[in-house]
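So this first bit is one chain, no partners, the form predicted on its own, shown in structure tokens.
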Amino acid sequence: MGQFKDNTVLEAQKSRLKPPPMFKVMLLNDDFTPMEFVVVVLQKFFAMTREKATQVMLAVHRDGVGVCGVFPRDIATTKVQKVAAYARRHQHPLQCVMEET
């Protein structure tokens, strides 16, 4: 019985050491959301400076997608939901998505 218990503890420690999966949160380009609104979203929800937010907004505009940050699943999910709700409230079709890194 003692040996079984030790193996269980060892397995639990191994699984704790594995870092949780991280998720990229991204904004997708569209033809309707104003660039300035995207900059505001990046500053408001991702704590970016205006300069950094402008760089990411230009990536969204140029490449069709821009990375806002990398977060654990629960934080990424919350950010995606908050950005979507904020965009809808302001009647913009801005899409915010996440994918595992």
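Everything numeric here is computed off the predicted structure, so don't read it as measured data. Note that residue numbering begins at 1 and tracks the sequence as displayed.
Here the subject shifts to the form predicted in complex with L-tyrosinamide (TYC), a form of this protein not shown in this document.
Figure legend: unbound chain with L-tyrosinamide (TYC) modelled from its position in the predicted complex by local C-alpha superposition. Site open, with zero ligand atoms within 2.4 Å of backbone or C-beta atoms. Site residues 48, 69 and 76 are none of them in contact with L-tyrosinamide (TYC) in the predicted complex, judged by any heavy atom within 4.5 Å. Contact annotation: residue 28 falls within 4.5 Å of L-tyrosinamide (TYC) in the predicted complex, judged by heavy atom distances.
Mapping the unseen interface onto this chain, residue 61 counts among the residues with a heavy atom inside 4.5 Å of L-tyrosinamide (TYC) in the predicted complex. Taking non-hydrogen atoms only, residue 94 approaches L-tyrosinamide (TYC) to within 4.5 angstroms in the predicted complex. In the predicted complex, at least one heavy atom of residue 35 sits within 4.5 Å of L-tyrosinamide (TYC).
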